[in-house]
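One chain comes next, on its own, written as structure tokens: the form predicted on its own.
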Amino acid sequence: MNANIFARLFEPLDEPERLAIETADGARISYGDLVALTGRLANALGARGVQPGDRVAVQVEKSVPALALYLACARAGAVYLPLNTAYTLNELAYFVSDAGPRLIVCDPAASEGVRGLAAPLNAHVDTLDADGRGSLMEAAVAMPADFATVPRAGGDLAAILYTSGTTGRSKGAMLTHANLVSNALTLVECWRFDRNDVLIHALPIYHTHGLFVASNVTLFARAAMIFLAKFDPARVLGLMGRATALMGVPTHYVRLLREPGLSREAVRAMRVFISGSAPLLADTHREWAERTGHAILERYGMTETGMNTSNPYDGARVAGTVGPALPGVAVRVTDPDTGRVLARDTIGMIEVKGPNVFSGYWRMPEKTRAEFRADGFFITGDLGKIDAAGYVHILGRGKDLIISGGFNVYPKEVEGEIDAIPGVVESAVIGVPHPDFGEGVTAVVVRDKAARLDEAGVMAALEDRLARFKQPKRVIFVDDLPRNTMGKVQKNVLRDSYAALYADG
């Protein structure tokens, strides 16, 4: 059997007339239309000299042709390399030089600069704009729709996704066809997706969440998606009357809660709300349940592994946890220094193993070896614990661990107590250099605009809630926390901003 994810998705194609995608302007694309478009694009890739195993770097806005390009790359046996649309030309230079793509697809406005990056590699440059127009589509429309899907083994590369690189050089996570297929099929089953589902797709498709989770799950289930260029809370709320599912990041749910029209009646057609890519506040979870009658289903994944755990579709969805391990995935917690497996409810390093786990870092064999245990478990870099019920609790990145006065302080624990203080919207706890303690526990807090909360008030509220060494040395109030495009708080930015906070003692 051809293990190519395209073949697993579409061969054979039953009911080609079935709706696959509806766009924001009402265009309707059937499964047959989508497959035909991938054939034309795959032929266009071949005309550009793209061979199986070649990388295709793509930095374009979200559109149906952009999604079809991912599928066409898989169909042609190429390795798809999606890049964040926010990356500058200077940042793009690193990814291009590291991955060595045969083809780079970019927005027409960026083409001149990208051609300069492509020239040393003899790479071809094509364009694709937010409306799905550009030189690549001009070439594709002249191509035949028929294309023989290239045979791929399960271990062959399907994509390279670069990590954010907040603590050094970005690493290219190599994802295989088997990685993507196994994870998508598991999620279809666990989240009960079927042909009757309609997903509101408001995520970017340069990231694993929008590309491999939302899109692959929908397509494997033969469901439909309403494909929005970006997240707009009023628009998303208005679509819920004829949709069944939403996948979002926590910020999306926070913004939807600000919509006065959000109610049980407004979401009566919806069966599931899924959240990931960043931690969901327990307060958001509770308020959502009160307003809608739905418990948000939170899950845990990462670029290198796809999804690892999920709160259950049937059963308790516990706020503050990301649920048990998915079927076929093993999750354990170990001592970060020795690798010894720790008992339940003990905080340590989360490690995972399963068919979803990537094959390694592109052109970084030493880094790959360092991140895997001898028995095949991948060291995620996330700190957490597994409770008695088997639910995983994420307590922060290992690099975010604060060591103050020789004691380990887990930011998530302190943030949970701060977030419970009346008047606090959210918080981020970081460690910054301190002359006496090595690192000073520092809280950066967003408060409600009507709140009269001050630093002394936060300190007083925590006095009987946390051990002395866990209590913040300083509390700083800000209007908003810095976040990346997927809603994750950028603690590295905060650490840089307040690095000199205790410089004078």
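Numbers follow the displayed sequence, beginning with 1. In this text, all values refer to a predicted model and were calculated from it rather than measured experimentally.
Omitted here: the form predicted in complex with a small molecule. The next part is about that form.
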Name the stretch, out of 278 to 286, 188 to 196, 252 to 260, 421 to 429, where some heavy atom lies within 4.5 Å of the small molecule in the predicted bound form.
-> 278 to 286
Position in contact with the small molecule when the complex is considered in the predicted bound form, options Asp382, Glu415, Asp98, Glu371, heavy atoms within 4.5 Å | Asp382
Sort through Gly360, Gly132, Gly301, Pro204 and report the residue having a heavy atom within 4.5 Å of the small molecule in the predicted bound form.
-> Gly301
So, Thr208, Arg397 and Lys488: all three within 4.5 Å of the small molecule in the predicted bound form by heavy atoms, or not?
-> yes
Contact between Val322 and the small molecule in the predicted bound form at 4.5 Å, heavy atoms?
-> yes
